[in-house]
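Here are two versions of the same chain, shown separately as structure tokens and labelled structure 1 and structure 2.
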Structure 1
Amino acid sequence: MSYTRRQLGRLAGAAGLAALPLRQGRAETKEVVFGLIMPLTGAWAKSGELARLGAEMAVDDINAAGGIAALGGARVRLAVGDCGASPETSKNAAQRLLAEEPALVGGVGAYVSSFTLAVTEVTERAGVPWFTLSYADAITNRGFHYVYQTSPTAEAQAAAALPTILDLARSSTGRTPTRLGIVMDNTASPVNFTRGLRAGGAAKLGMTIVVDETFAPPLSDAGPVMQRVRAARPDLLLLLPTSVPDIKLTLEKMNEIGLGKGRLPAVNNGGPMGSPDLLRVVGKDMLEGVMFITATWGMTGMETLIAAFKKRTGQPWITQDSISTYAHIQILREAVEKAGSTERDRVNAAIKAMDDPALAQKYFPGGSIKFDERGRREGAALVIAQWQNGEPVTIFPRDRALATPIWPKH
């Protein structure tokens, strides 16, 4: 209590000095500004929009619960920037947000790794603590001090993915798949994801790569690719196209040649595979049984959050995008509470000092809200979700799963 009062006094003074006399700088009404930069137009707009929904909900929840207690119930406001569809526009968006919001305390964004790299160039220079769900290792390889990744990095994901899937297979069927198939496009994400597998990673896990097909998107017909898969008879398929049309074509072809609906377990990588839009494009039947790896998804312990989110937004389920930004805003709130200040460096120091497994449990599959010196979250783990009856549900880790996996018992 005394802490708060001291805080209040100091803030009241600061506000009175800094500004202006329009009304008495009363600490209780002081505003805390968090930023969000997401692709709200262009090809990634849907994910950006979902991310925005998560952040907005977090802000409303915080304010409904009385704002930032340490700042006398200061209210949180979300300042939104659209980073468009390129790293250049992302950088501009970051510069604009910083110019328009001098009081910015921290922020989240910008979904696509290359956008995040551009945005954080700007925010790092301004010393704004910044959270992202982007995977790229480069984001936290630059010696930056204000950037935090809550997802496992791409390399970490690649290394953890196959063992995680095999774990799941074993726990579902009692048997371990041995014949691995890979179908992917030649974009950066699947290329990085599979590199280690070919360089001995698969073999080390007792798997033989029986079919390995890489195509240049877009596919005009998935026939030739999937025919080869059919001929090679893998018992686990990494199905890694990144664009929706290619996802649709490959899944439809799988179905057409009798490998669909989970008959050949197929795993994709990345949250977009669980987008509600996919249902409209690909259809429920095609998606049935398809699994994907993601940094977080709706899990046990998140029931209230999920229900509130669905009610509030009308979305059919919550995705990684919304959960992550919701979490990021909550972590920022926690840091501001701890710092008792909106000063960026104090907030940043508070983030670095955090170690809160309970908070992590609320939004992520594992670890703690604790960041290493590079800004990577410790214990960040993977979730596997599976399309079941028109909805992607978490099936791994088992203790957080909302459904049991469908896995063919060959």
Structure 2
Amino acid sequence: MSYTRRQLGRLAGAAGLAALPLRQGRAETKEVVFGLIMPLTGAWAKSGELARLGAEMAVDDINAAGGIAALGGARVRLAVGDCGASPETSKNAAQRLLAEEPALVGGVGAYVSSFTLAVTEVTERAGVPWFTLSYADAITNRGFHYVYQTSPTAEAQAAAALPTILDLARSSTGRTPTRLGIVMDNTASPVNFTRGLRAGGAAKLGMTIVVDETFAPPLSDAGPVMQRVRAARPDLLLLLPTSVPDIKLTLEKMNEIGLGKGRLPAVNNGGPMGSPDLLRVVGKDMLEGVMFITATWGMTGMETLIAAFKKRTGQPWITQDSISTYAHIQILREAVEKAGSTERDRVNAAIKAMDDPALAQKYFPGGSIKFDERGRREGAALVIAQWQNGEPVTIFPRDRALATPIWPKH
């Protein structure tokens, strides 16, 4: 009986790596190509560039350590694509990368969930194992076999994050916020993040949604949106833009109308709220106390990685963008080592057979490098970071935290 590539990949996922006939990589293999698709131009370019820095560092570290041992020391090369600023340009970037790199083994991207959805439509058809930190549940709800999500999904984050934030408020102030405001863009991650809250999740937590504003990025004027927030008088604001320029506009307007600098506790979901660029363009006073939810951040156990990244790049801290792409490249390296091959289905089978808590501990909170039938990392947990004295520091989970949380004062 013969199998197509997709059938072979599905068999491997069901039965594990041992179910496939072992074929070692050829001794003459000189290069292993991993792909990276990120927004390197447009509103999300800073996050894309931070992701690229992490991926490039991982590749250099792998090659400095001797390359892929199972393939005779083959070196890793990173092939980079710019997905621009829309799902359509993201799809085009994926098609172009696959056309230009026929030996592509696996890849990483594409930051914004909407972009990742478009990219993985292309990579799935080609049978390319693909990793993402993007949050949208839809990414791994499509029955795909080559897509892997290392973050907790947006809905899982929403379910865990708000109770955690409310507990933080109670322990810090002795009272619990009851009036919730939402300001968000219409990209896939915040849409997923807030869906459950609107469908009764907020009410179950004793909260009333008093203002709910959605905009299409880029935001040209934050004034009308934030004035409606001011009029509604929430005592907790979910501030959910996904790009640094839109975060800047909303924070500046909050400050202008008397809601900034901790007067209205604000929580964001995603790494852009911790971007070094944000400190430069907004200033530490306006950021003080702002919290944000991420899938990973600099925390205890990452000291060596953090120090090496800061020395190499000159960045003041490491963000989830850089940590995740570094981790994803290292996971792909591990899969190629275990597969002993650059054949995509062999590598995909090795990913499906992984169960490595120690590897997860290096880069993520909780769980293992182990993926369920949908491609979601098992045990993935959220991180909460907070701006304190000009730097975003991890405050949750407590066993990996670098600082004690503070609750912004009204």
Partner chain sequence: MNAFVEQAVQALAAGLLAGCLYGLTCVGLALIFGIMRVINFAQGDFMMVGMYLATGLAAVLARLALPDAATPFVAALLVAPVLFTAGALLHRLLIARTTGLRGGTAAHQAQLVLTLGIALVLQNGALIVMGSAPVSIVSPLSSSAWEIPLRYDAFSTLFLNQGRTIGAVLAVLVALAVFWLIGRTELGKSLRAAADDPEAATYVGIDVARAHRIAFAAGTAIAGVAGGLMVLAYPVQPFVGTDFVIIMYAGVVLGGIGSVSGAFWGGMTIGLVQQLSTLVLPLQLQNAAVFAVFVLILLFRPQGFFGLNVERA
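Quick caveat, the model's predicted, so the values are computed rather than measured. The term rigid core refers to the most C-alpha atoms you can superpose between the two forms while keeping them within 1.5 Å. Just so we're on the same page, residue numbers count up from 1 along structure 1's sequence.
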Here the form predicted together with its partner chain is displayed as structure 1
Large Cα shift (2 Å or above) at residue 181 between structure 1 and structure 2, core-fitted | yes
Rigid core superposed: residue 246 CA moves 2 Å or more between structure 1 and structure 2 = yes
Is residue 298 one of the residues whose Cα moves 2 Å or more between structure 1 and structure 2, with the core superposed?
-> no
Angstrom shift of the Cα atom of residue 204 between structure 1 and structure 2 (superposition on rigid core) = 3.9
